[in-house]
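Only one chain comes next, encoded as structure tokens, the form predicted alone.
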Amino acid sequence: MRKMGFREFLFIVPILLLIGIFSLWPVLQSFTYSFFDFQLNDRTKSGLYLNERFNVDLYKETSLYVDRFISQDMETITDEEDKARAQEVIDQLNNLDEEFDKEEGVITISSEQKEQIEAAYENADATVQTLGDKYELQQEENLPLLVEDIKNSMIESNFIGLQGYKRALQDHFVLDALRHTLVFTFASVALELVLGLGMAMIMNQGIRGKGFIRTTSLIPWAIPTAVAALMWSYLYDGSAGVVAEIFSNIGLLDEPTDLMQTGAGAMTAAILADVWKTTPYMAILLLAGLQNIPGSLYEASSIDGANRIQDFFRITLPLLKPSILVALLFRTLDAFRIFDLIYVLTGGGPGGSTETLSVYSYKVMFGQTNFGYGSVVVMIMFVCVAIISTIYVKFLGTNIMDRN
């Protein structure tokens, strides 16, 4: 086989760039975020800071109000020594304002500047406490909080290393979400494999109108997942849903409302909705594999006296292994990363009983704006998907890249 040369390599450069930009770069970004306590709702952690930083904007705003409030209380301060200390605080803050006059945003500072800021904070804090004990200040409640913001202007490094992963492995919310994800994934994929294989074998038969049957069988797969989830939510509705009423009438539920208001019922409902939508996709993938099996093999086995069951286990399944591997890989990856169906159908409820890793990471990242911890959950998903894929390939013993 001829080795790839430089000219041949140039042909695959565009696809490598696309993979790098749209696949590898987001993964690397999430991997980077996972090492930081990155929270947008906390201005001291709203960036990736390996070293200490200084929030100039916050300091200037704080310094302005501290200067104004202390100046308003100068007439109230009768002791000359206290008045001198108050003026010293104002002068220190003004000197720092002048030093950072041309700066804005979050910047790096030297050790000397850090000492100046800390000295200004300590002096302001001690002075405000003393004045508050002796005099009735106009902003007696707000002034100490403003002085505290001088300290908050110093942003410590939010690099936490592997602490986020350690926290996640001890977080019962993450462990519960992982358990729910595994239950949903393996239950739905197992049912889809069995039902999809049955559908594929039926569609592989030489029956009249098989083209129409194959086309119409893909309708559930063609429906957008969010739309399908809304449709099933109406069918599962405890007050008017047809499916919930049927389950109640045949004894599977005590009351129709139990379907979506209990953990087991909601998970079962989500699995059934996913099986309905994605079984046709599984069937089409397996049908492609069935059509690659030569009919002469079945003719030879019938001459030897083999029955249908023997044909299935000794010809169909062994030769269908590559197609089964591809179908299982695709469906397992999709099911493990399930988000839209669960989010629209149950929202992760009731009581978090259907909350998967994708739903939980979404809530952490966009509900709590904690992108650091959310990225940790995403990376755990990435590792789990890699492990599952490896197990599938090893277990089925099929090299899908093999051309022979």
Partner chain sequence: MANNAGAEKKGFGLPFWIMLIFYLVIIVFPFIWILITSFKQTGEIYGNNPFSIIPDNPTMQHYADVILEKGIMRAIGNSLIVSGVTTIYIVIVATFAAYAISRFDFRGKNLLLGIVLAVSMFPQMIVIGPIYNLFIDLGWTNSYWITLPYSSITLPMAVWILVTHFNQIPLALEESARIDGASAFQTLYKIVFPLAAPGVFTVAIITFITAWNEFVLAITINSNSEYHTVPVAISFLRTQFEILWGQVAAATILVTIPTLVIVLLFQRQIVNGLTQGGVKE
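Positions refer to the first chain, counted from 1. Worth saying up front: this structure is predicted, and the values here are computed from it rather than measured.
The form predicted together with its partner chain is left out here; the points below concern that form.
Option touching its partner chain, based on a heavy atom within 4.5 Å in the model of the complex, out of I90, L137, V183, I223
It is I223.
Pick from L191, I109, I293, M154: which residue has any heavy atom within 4.5 angstroms of its partner chain in the model of the complex?
The residue in contact is I293.
I need the one stretch from 175 to 183, 122 to 130, 141 to 149, 238 to 246 whose residues put non-hydrogen atoms within 4.5 angstroms of its partner chain in the model of the complex.
Going by heavy atoms within 4.5 Å, the stretch is 238 to 246.
May I ask whether D311, M365 and F382 all come within 4.5 angstroms of its partner chain in the model of the complex, judged by heavy atoms?
Yes, the whole trio is in contact, each within 4.5 Å by some heavy atom.
Any chance D340 has a heavy atom within 4.5 Å of its partner chain in the model of the complex?
Answer yes; at least one heavy atom of D340 falls within 4.5 Å of its partner chain in the model of the complex.
Distance check, N158 to its partner chain in the model of the complex, heavy atom within 4.5 Å:
Contact with its partner chain, no.
Contact test in the model of the complex: W276 vs its partner chain, heavy atoms, 4.5 Å
Answer yes; at least one heavy atom of W276 falls within 4.5 Å of its partner chain in the model of the complex.
P26 versus its partner chain, in the model of the complex: is there a non-hydrogen atom within 4.5 Å?
Yes - in the model of the complex, heavy atoms of P26 and its partner chain come within 4.5 Å of each other.
Of 16 to 52, which residues get within 4.5 Å of its partner chain in the model of the complex if you count heavy atoms?
Read in sequence order, the residues that approach its partner chain (within 4.5 Å, in the model of the complex) are L16, L18, I19, F22, S23, L24, W25, P26, V27, Q29, S30, Y33, F38, L40.
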